[in-house]
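What follows are structure tokens for two forms of the same protein chain, given separately as structure 1 and structure 2.
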Structure 1
Amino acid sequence: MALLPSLLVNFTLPVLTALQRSPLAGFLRESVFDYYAGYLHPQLTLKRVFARVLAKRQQGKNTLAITLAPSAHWLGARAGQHLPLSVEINGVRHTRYYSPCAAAGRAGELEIAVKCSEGGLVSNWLHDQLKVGDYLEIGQSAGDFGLPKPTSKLLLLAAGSGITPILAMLRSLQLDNPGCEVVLLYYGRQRNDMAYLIELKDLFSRMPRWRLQVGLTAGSATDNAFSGRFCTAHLASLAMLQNLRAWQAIACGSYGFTNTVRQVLTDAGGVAGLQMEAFTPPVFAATADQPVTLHYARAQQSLVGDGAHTLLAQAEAHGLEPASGCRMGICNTCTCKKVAGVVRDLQTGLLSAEPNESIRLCITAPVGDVTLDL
């Protein structure tokens, strides 16, 4: 139970931020301050951001929309960015990354969408255990995924949970660039699986230059929905093949979906620009039963690895604890210096042999012996 009102706490937080830039900062220990101040109010911290749960509502069959009120320490988010959310389950802290459903200012409310998945520890906990009035710890928003500027023709492609950052972009466009011509292709297994579909239909009905096209990948298509996965025929049905190069494209979904989008658009002649973000790790075929040697420079260890697993997974299997977050190449938490060797980027398939380059361990596999600054 909070002993101080939220309004007073959020008025105080900027003062604490300024205090950390003063000569008195040396007398403040963040862990000690946060521990005792937490008895007064969960949001009373030196730096950490806690958000109060204002509402929970179902979106589609398996998706939960959570409305949050972050403390004054939060700096806001641009459409397309993501943020870390941390919870403690059975005494163990877990962090996952979510994209806000709308751009938000520092004082604004924040909405995230959490899809429940089989075996999903954090997502299931949020669906089943989280209550209105609880507090969740979040981090600052990050990421370069977002709207290109300027743009007059925008092709948006989303599958499953990939609709979340796309929805944030649409809401921003509605306010900042309503004259932009927009086509959204939104794919899901069935209509009742698709989050925010009712809201999207309402939004598009009010925007004369916007078109919404649904694609159903399971069962038979109805009500003018496309049937099956994204393909060239879907673009042809929308009469977009003739001037496809005039369009900027943004895609978000699983790794398989974004990979398909890249291939289809390339085969169709390409677009003016393409941004993609995948919310699942890359899937790749094992290239080698032949062993490689992984040298960990700081740990002073050389151990046997392979080309069939990511460098992050192999480092953890070898007993190291490199920093990691999303494990899908989005958050950059696992960025590490590769001192020497050849590696493969599992999102692009490209090989790199540059010495002393920064790589993301979670989406990189070794091709031959590799030395890492771990």
Structure 2
Amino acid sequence: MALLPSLLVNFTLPVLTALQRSPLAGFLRESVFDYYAGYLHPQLTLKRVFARVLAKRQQGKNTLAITLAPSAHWLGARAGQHLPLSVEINGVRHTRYYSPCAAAGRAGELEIAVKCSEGGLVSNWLHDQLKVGDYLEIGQSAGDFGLPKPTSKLLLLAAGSGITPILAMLRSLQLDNPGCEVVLLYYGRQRNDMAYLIELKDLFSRMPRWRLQVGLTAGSATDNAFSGRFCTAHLASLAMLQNLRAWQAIACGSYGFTNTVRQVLTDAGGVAGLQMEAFTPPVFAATADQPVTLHYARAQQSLVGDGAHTLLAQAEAHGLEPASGCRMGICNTCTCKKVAGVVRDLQTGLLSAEPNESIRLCITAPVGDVTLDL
């Protein structure tokens, strides 16, 4: 498939990066270069990062772990960061964000966990269609979620696939700060649903000052597992956490989970610091005149809007000056990147929740909170 050996490609990529800062860059069209270079090796690109799929393996009942080897364009990830991954399904590129299960250096291998849910377009595609040896496009990692520094007492709370950034943090701690005291509360429906349980047990068994506590939200609680969702009682029954105020806390899971965590910790008197990351499913507003929040990323403003008017009209009413022309969806002048949120195309009536897609502001209305690159 590739005419060039990967090793050579990884030597070449930094040269290409340097080339783009030279005066020659004006003559180099990225798409043209990438097209011809793609015949030599799928990872030989000017900027875009492609990762080779090294392994696919089941983790728990519903989770797929994918090991990736990104090209030298990839700059690595700190524990807790996430990165975009794109796949093309029926001609349309879909992007989702995943947190690697371990920190990685530049071009280092990484593992992501994909939870397979019913109707999950990308996750199901990755489960069923992705093959070892394929190349996937990923992006640079981002996010401030990560280990506090310095830290000596750390309370980690994870629910479902929220475990992946937490696992990455644990692995970093084990290397850089093994003296730190750690309590991990990990919630899942049933034990066989929970990804990385074996890895976690193994890791915790080697760390005397670390304590792993599993919580099961469905089914009966057996051998020392907590039963039900995270609550004050769970917190109180952990003897190590007597002096809760001395602990720094990190939580990752669904929006409902992190909300509960914040509430319970506040009720218990607070912690030394709390960091949370929640995966928010797109929010659909029930009716067109229900208020929604419009985030303008460049302007760094969040203002109240509605689902009845076009995003162009609302942005203008909010004092922004987005480019526009025909105002009827034909000229492509107002096209803008929608970072997140659900929108409706007023001409076709079709809804779309895809992150980072191009939309024409003049014929699009928000259906729930929307973030725009304006």
Partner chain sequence: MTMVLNRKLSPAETEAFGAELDALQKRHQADLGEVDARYIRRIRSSVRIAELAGRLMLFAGFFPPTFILGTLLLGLAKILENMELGHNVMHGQYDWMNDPEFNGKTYEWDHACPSDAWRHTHNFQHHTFTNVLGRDHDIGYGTVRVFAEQRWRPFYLLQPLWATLQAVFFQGAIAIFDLKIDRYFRRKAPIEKLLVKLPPVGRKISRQLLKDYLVFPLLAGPNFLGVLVGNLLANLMRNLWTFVVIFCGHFTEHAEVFPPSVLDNESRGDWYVRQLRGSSNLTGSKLLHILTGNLSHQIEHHMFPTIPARRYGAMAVEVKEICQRYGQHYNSGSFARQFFTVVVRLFRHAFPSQPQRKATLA
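Worth saying up front: this structure is predicted, and the values here are computed from it rather than measured. Numbers given to residues start at 1 and step along the sequence of structure 1. Each form is matched to the other, and the largest set of C-alpha atoms that superpose within 1.5 Å is called the rigid core.
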Margin query: Between the two structures, is it 1 or 2 that corresponds to the form predicted alone?
Written below: 1
Check: Any chance the CA of S358 moves 2 angstroms or more between structures 1 and 2, core superposed?
Finding: yes
Check: Cα of Y135 displaced 2 Å or more between structures 1 and 2, core superposed?
Finding: no
Check: Is D34 among the residues whose Cα moves by 2 Å or more between structures 1 and 2 after superposition of the rigid core?
Finding: no
Check: After fitting the core, how far does the CA of L241 move between structures 1 and 2, in Å?
Finding: 5.6
Check: Once the rigid core is matched, what's the CA displacement of D306 between structures 1 and 2 in angstrom?
Finding: 3.7
